[in-house]
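Okay, here we've got a single chain as structure tokens, the form predicted on its own, with questions on binding and movement later.
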């Protein structure tokens, strides 16, 4: 997405009071304490182990670190993980978007 398209989407989101995650193709991440993480609006699961999960979204990746991580539910654009969460990191797209 070009810069002007992103600026227009940001302006429309503010003007019409629309959720930013919907207008800007951003993931929505909800944590429940340090035991569950719910991710919406992702584009795929890249890596899974009991200590690290990497998820693709349109502008990069999300890396979740923890202990005894497991997939509780997985749908096309939604993912529910459980385990002992340590961190959630956003890794920028290597294409420099």
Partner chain sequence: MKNQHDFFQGIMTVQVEGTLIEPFLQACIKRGCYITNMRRVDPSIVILTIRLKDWKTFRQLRKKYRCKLSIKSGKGVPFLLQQLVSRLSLLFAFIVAVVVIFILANTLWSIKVDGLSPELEADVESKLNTYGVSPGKLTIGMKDPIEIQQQLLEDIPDLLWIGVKKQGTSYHLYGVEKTRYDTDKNNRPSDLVATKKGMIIETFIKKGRPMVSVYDVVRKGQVLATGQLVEEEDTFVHSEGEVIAETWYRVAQTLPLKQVLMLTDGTVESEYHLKLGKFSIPVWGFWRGEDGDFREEIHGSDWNLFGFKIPIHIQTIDYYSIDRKAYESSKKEIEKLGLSSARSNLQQELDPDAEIKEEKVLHLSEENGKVKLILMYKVYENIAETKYISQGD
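Everything numeric here is computed off the predicted structure, so don't read it as measured data. Numbering follows the first chain given and starts at 1.
If you look for the form predicted together with the partner chain, you will not find it shown, but the lines that follow are about it.
This chain appears without its partner; in the predicted complex, the one residue of 35, 65, 26, 46 with a heavy atom within 4.5 Å of the partner chain is 46.
Taking non-hydrogen atoms only, residue 76 approaches the partner chain to within 4.5 angstroms in the predicted complex. Of the heavy atoms in residue 58, none are within 4.5 Å of the partner chain in the predicted complex.
The closest heavy atom approach of residue 69 to the partner chain in the predicted complex falls within 4.5 Å.
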